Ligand SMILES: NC(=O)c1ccc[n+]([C@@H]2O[C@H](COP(=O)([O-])OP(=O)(O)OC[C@H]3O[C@@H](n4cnc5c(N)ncnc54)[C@H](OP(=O)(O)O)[C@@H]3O)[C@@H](O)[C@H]2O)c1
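Encoded as structure tokens, the following chain is the form predicted alone, with no partner shown.
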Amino acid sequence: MFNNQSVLITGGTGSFGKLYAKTILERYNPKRIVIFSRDELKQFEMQQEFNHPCMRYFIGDVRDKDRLSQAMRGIDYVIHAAAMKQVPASEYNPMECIKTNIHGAENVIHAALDNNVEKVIALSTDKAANPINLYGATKLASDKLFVAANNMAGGHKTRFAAVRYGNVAGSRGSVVPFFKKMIEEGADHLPITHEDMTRFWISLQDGVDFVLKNFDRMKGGEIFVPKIPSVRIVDLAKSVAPDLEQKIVGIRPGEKLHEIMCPADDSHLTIEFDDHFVLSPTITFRSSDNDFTENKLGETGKPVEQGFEYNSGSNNHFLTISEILDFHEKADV
């Protein structure tokens, strides 16, 4: 799909963007990979590692529609990974979160349509399902924008979809590097927000591969959700420091005890495939097929039972401490 094609990644200097670029370079022969981000230092550092002739680096902010439109000239595929992601920071800086996650999403959509981009996939989060914090609420709004953009496309060929998954092992902001840093600094305990807390868990490479696959699968308007395991936070702590005491410090502002990726309220829209779910749109598309039980790869799914919820606390696969250690090794954390 990406041979001789041009790809743009917003937020491309982040953990996801760097591995996505690396994976495309290893598996395909792209015409261009455009890294679009606002941090000149991270771009400089990434250029030292990724200096293939097809690589391009654009300083810019998703809040700036004109700069996005300029960067998307001649682009075939867009991965929208730029976001304000930290839950506490978003709670304390709400307007900044809205400007980046909602207005930025709108700008990506308009820039893609202006340049007749073929396909756009936006990265979402489990926190967008039944959100209780501002980050999740802005990402839910972003998801709605990208789904509705398929109706906005009119005569344009551009199609939009979203990918929603959970915590990424080894990514910036992940709890495991935080725990390891505390251990290196001689901590006598690890802070645990709640002893019953659970999270969905995915490796960065699996997240990248899932997004790559969904460019082939998508019709436009889907929210793709991978079937992934859950972890208990106490087990995560044990995996990095089996003999260190754990102290309960309380849930942080905007945190949930468990995360949800397919809410029960959306069960009538949820379709189950072998290795993933699809949340089909709440709205009807006038210019395309509204049947999402079969995708562009010919894979077929079936509707879930009424009231079905994909919840990290009731997931049918919890990682053992041994499996968590395997995740650490693969993620090099």
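Predicted model, so just to flag it, every value in this text is computed and none were measured. The first residue of the shown sequence is 1; numbering continues from there.
As for the form predicted together with the ligand, it is not shown, yet the points below apply to it.
Asks: Kindly indicate whether Ala264, Ser280 and Pro303 are, all three, within 4.5 angstroms of the ligand in the model of the complex, using heavy atoms.
Replies: Judged in the model of the complex, none of Ala264, Ser280 and Pro303 sits within 4.5 Å of the ligand.
Asks: So in the model of the complex, does any heavy atom of Val62 sit within 4.5 Å of the ligand?
Replies: Val62: yes, in contact with the ligand in the model of the complex.
Asks: Heavy atom to heavy atom, is Arg38 within 4.5 Å of the ligand in the model of the complex?
Replies: Although the ligand is absent here, Arg38 would touch it in the model of the complex, with heavy atoms inside 4.5 Å.
Asks: Spell out, yes or no, whether the shortest heavy atom distance between Leu123 and the ligand in the model of the complex is within 4.5 Å.
Replies: Output for Leu123 is yes: heavy atoms within 4.5 Å of the ligand.
Asks: Heavy atoms within 4.5 Å of the ligand in the model of the complex: does Ala82 have any?
Replies: Yes, Ala82 lies within 4.5 Å of the ligand in the model of the complex.
Asks: Determine which one of 25-33, 269-277, 293-301, 54-62 lies within 4.5 Å of the ligand in the model of the complex, judging by heavy atom distances; exactly one does.
Replies: Careful reading of the contacts points to 54-62.
Asks: Could you check which residue among Thr198, Thr100, Asn214, Asn133 gets a heavy atom within 4.5 Å of the ligand in the model of the complex?
Replies: Checked against the cut-off, the match is Thr100.
Asks: Using a 4.5 Å cut on heavy atoms, which of Tyr165, Phe210, Phe179, Tyr77 is close to the ligand in the model of the complex?
Replies: Selected residue: Tyr165.
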